[in-house]
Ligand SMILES: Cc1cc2nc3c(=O)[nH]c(=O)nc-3n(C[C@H](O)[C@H](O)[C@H](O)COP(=O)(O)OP(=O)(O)OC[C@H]3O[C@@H](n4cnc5c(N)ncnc54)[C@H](O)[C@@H]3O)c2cc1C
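The form predicted alone is given below as one chain in structure tokens.
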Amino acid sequence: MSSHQVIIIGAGIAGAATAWSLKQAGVDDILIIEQEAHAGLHSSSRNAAILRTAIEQPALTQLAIESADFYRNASSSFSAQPLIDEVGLFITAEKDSSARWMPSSPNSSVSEIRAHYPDFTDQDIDVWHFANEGTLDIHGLLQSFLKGQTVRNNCKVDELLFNNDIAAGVRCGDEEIYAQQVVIANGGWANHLCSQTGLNQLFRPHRRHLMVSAPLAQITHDLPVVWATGSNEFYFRPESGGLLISACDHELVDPHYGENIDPNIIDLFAKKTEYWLPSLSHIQPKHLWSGLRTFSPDNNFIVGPDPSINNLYWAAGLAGHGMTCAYAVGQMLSAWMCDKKCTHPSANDLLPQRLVDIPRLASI
């Protein structure tokens, strides 16, 4: 039996950023418990590494902007290498669509995208350009947050431990590990713990496939990212001499099987590539994988104290924006845990309390 100030369940980006923020606030005795052999094996390392701060939920846009500023100006003691490659990001939306969540009026055009990617469609769509965004070093970021942290790998949390209505630790197999505070930050795997808390199994893990094509003569590493939103959502960027592409599929899955490849996904890739990059519809994947994105019912993050269990906290449901928003999420949760309050303007929008009346989801 051991005891700690804080136990964090999950060594992905949410748990890592929370641990780093707590350490910056003076909390030294932190144990991160990770069920896998290495940190960040799932959502945190199986994404497209795109930095995009324009997000449909205004509360999340604020977190993304703050986090991007931190990554952009990170000290050499945090990361020896730059974390952002500012190749630029184009976001498109259908004319007269519901893209009112975009931060301003369109400031670019299809012709500007075609100057970089001549194969891009010539449809009449709205285009925004974000010159100082692009790609994020996801592995470098995760390791920077985990630097100096104590991570116990190959250790699955089976249940939470309580002292009356106060979180007191976790049970892993036959071992009980105690703590003054507990953080649930294990993404799509959090549902098995929800029945012990006030959240009532709210998380919805979804699978999304990505592929990297074989090298293409016209593709260079410094080309911008393009993200087409709307009914034919699709994004692409340079990778390894070819294109990294996602058809933006969105399938509810059991997290234990969410990284299995759907054999029909190639047809969807071909269909959407033909729509956005017509002359490249023939390209085949050199590498193909899928990753999880875990959502709450209202698609906002769940960050803050549990509504019914004292000393239990949440950093979950980051819905594919975990890397982009991780710094701000960690800062917010650290404030809740250390100061028992958080003055961030997005704090109330992300509180778990808002979801306590949502009915329990059926088993996936």
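One-based numbering along the sequence shown. What you see is a predicted model; the values in this text were computed from it and never measured.
Missing here is the form predicted together with the named molecule; even so, the following discussion is about that form.
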{"query": "Contacting member of K147, K156, K271, K286, with respect to the named molecule in the predicted complex [4.5 Å, heavy atom]", "finding": "K156"}
{"query": "Proximity to the named molecule in the predicted complex, single hit among G169, G242, G291, G88 (heavy atom within 4.5 Å)", "finding": "G291"}
{"query": "Interface membership of T92, the named molecule in the predicted complex, 4.5 Å heavy atom rule", "finding": "no"}
{"query": "Partner proximity in the predicted complex: A11 to the named molecule, non-hydrogen atom cutoff 4.5 Å", "finding": "yes"}
{"query": "Q35 within 4.5 Å of the named molecule in the predicted complex, heavy atoms", "finding": "yes"}
{"query": "4.5 angstroms heavy atom contact with the named molecule in the predicted complex for I30", "finding": "no"}
{"query": "Stretch from 185-193, 78-86, 123-131, 271-279 whose residues place a heavy atom within 4.5 Å of the named molecule in the predicted complex", "finding": "185-193"}
{"query": "Contacts with the named molecule in the predicted complex, stretch 310-325 (heavy atom within 4.5 Å)", "finding": "L318, A319, G320, H321, G322, M323, T324"}
